[in-house]
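In structure tokens, one chain follows: the form predicted alone.
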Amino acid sequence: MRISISDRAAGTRPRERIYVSLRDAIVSTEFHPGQRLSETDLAARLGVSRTPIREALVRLRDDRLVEIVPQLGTYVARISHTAVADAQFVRESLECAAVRIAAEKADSEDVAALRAIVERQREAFRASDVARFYVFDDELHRSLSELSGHGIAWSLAQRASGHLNRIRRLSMTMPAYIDEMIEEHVLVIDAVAAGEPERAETALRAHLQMVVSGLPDIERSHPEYFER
């Protein structure tokens, strides 16, 4: 088995693809919290030397997604409530600021492109393809940030959001969650289409807070994933 390179890493440098691939394996829970990660095994699975694997693991440690224990090894970190709260603060601050500007700048073609992403989300939902839905979810949020002219807002939020994104992935298995997400996306896009920055921000903030509101249920369903 080889770790698949994430769609979001396409076109990036090889070392960046390795980092993104390992990060996505953690966020998607392909690598479970507490699991030991062997540089040799990862290098073999990705078909690379151990050096870029080691570099990627150091970056993942900085992201708080792995713990490197001297003389014992590298382990996937359990989900941290503090890291989730930090990520939520960063993401809300950056994305909500960006969507206000997007609502002022978006034209009809921009709105049509956003609605097309939502339709792809619906198709993935009907096909029960959670992995593809997640890719389109990221695509929509990234597009909203880029419409503001400050695409870096998305990049910065994502770098801080490793633990939050793990919660997002786990939440997608909960009943009715994806259907509710789609409808909230529509509310955000409708506000952007109407050129109403305040309504767009309010709708997006409510949407971003949805996953955190479900955190107690997620933790009850997956207690082994969380720090004790």
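Start at 1 and count along the sequence shown; that's the residue number. Rigid core (definition): largest C-alpha set, two forms, superposition within 1.5 Å. Just so we're clear, the structure is a prediction, and the values are computed from it rather than from any experiment.
Absent from the display: the form predicted together with another copy of the chain. The rest refers to it.
Contact with another copy of the chain, judged by heavy atoms within 4.5 Å in the predicted complex, is confined among 131-139, 118-126, 81-89, 105-113 to 81-89.
Although the partner is absent here, R64 sits close enough that one of its heavy atoms falls within 4.5 Å of another copy of the chain in the predicted complex. Proximity of L46 to another copy of the chain in the predicted complex falls outside the 4.5 Å heavy atom cutoff. Residue contact check for I152: one or more of its heavy atoms lie within 4.5 Å of another copy of the chain in the predicted complex. In the predicted complex, L94 approaches another copy of the chain with a heavy atom inside 4.5 Å.
The partner is absent here; in the predicted complex, the one residue of A193, M172, A160, I182 having a heavy atom within 4.5 Å of another copy of the chain is A160. Using a 4.5 angstroms heavy atom cutoff to another copy of the chain in the predicted complex, none of A200, A203 and E224 count as contacting. Annotation for 42-67: interface residues with another copy of the chain in the predicted complex are R54, E55, V58, R59, R61, D62, R64 [heavy atom within 4.5 Å]. Annotation: Cα of A194 displaced by less than 2 Å between the shown form and the other one, core superposition.
Once the rigid core is used as the reference frame, the Cα position of S108 differs between the shown form and the other one by less than 2 Å.
Once both forms are overlaid on the rigid core, the distance between the two CA positions of Q88 between the shown form and the other one is under 2 angstroms.
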